[in-house]
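Before any questions on how it binds or moves, here is one chain, the form predicted alone, in structure tokens.
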Amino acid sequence: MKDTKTVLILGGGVGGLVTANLLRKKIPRDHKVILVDRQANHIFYPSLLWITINSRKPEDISKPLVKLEKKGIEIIQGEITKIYPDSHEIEVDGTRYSGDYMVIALGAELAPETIPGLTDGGYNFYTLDGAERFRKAWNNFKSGKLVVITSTPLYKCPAAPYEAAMLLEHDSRKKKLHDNIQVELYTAEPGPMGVTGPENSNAVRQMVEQKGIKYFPEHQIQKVDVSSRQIVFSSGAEVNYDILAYVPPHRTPQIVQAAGLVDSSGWVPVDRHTLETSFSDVYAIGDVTGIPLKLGKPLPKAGVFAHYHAEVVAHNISVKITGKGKSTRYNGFGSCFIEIGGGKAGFGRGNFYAEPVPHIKMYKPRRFWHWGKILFEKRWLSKWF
């Protein structure tokens, strides 16, 4: 009897989706590829910002994971309750599954409840439900102060809160409400996308401020007083708002912590080139990982990194299973669109592993880059399903 292997992939986001697809193409069908996720649908999260301004509907940016079964990928929908990395086993709603290889692509867990009043006081536009609820509120918002805020300095898609502020500012102009709506942006971090370097960070800041958006960096939120619609910062500063859109705190999923996979950084340490964890044949990719860079900051959490991590891991597992080819390594490359409204977007790309600092080139906002993101969205949802 032929020795068949099973690859367990935990999480159906960017990293898990790409890993499952590529592995299914690279290894013979007698080997199993199993993808586990608690959600029935894969959501293209970069498009949540377009949900908030009525440019997309939920069905435009999601696909059922079960569609992957026609490719020979087994889908298990359920809540992962335990991970046993030493034995490559998991429990899903009380049922145990085992594999020969494990890929942890569970992303970052959102924890708005850790800041008093935040959940009830505003809208979490990092979830589909939150983006939809904000859209409904925004559609009825005719005058007052919109505050966009980041709860902590570390969060996935570092450009998103800056994009949100600019897109919403433009939308207020489009609805001829600009004179009635004031947009303010408060961030826990000292500047936009700091890991890309001061020049690029300042360029994004200028994009924001040129739109008349008031920008306040280094404001760490402490709590939200829902009754008075007031944000209280750790410095003691207080700010009133009429409508609040927030980026919630992020943390490693509790089941990953309980499995002993996390180090003092709060994230899963991996080999920065192979994405291997300290457990044999267990890999971690994307937002769940903590990869320190030379300049002292971690590799940003973004879908593009999960995608490239997945390519490396899928290839290397296939080499182990088939014995064919040579292993590969992730080289630190990444890229990012930056929507500014008005049908324009900026674009940045480069080597985040470059030393002593990442080497990132930023391209000025153009319609070309905006259409590039639209085409990327359409291609993503068709290619992987």
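Residues carry their position along the shown sequence, with the first being 1. If you're wondering where the values come from, they're calculated on a predicted model, not measured in any experiment.
The same protein also has a form predicted in complex with a small molecule, omitted here; what follows describes it.
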> Out of the stretches listed (225-233, 304-312, 174-182, 200-208), which one is close to the small molecule in the predicted complex, meaning heavy atoms within 4.5 Å?
Replying inline: 304-312
> Here the chain is shown alone; which of Gly348, Pro46, Gly332, Gly341 has a heavy atom within 4.5 Å of the small molecule in the predicted complex?
Replying inline: Pro46
> Which of Val147, Ala259, Leu299, Ile80 has a heavy atom within 4.5 Å of the small molecule in the predicted complex?
Replying inline: Ile80
> Judged by heavy atoms and a 4.5 Å cut-off, are Asp37, Phe125 and Ile285 together in contact with the small molecule in the predicted complex?
Replying inline: yes
> Though only this chain appears here, would Arg135 touch the small molecule in the predicted complex if you measure heavy atom gaps against 4.5 Å?
Replying inline: no
>> Test of understanding: in the predicted complex, would His170 fall inside 4.5 Å of the small molecule by heavy atoms?
In response: no
>> So, Ala160 and the small molecule: in the predicted complex, are they within 4.5 Å at any heavy atom pair?
In response: yes
>> So in the predicted complex, is the small molecule close enough to Lys156 to count as touching (4.5 Å, heavy atoms)?
In response: yes
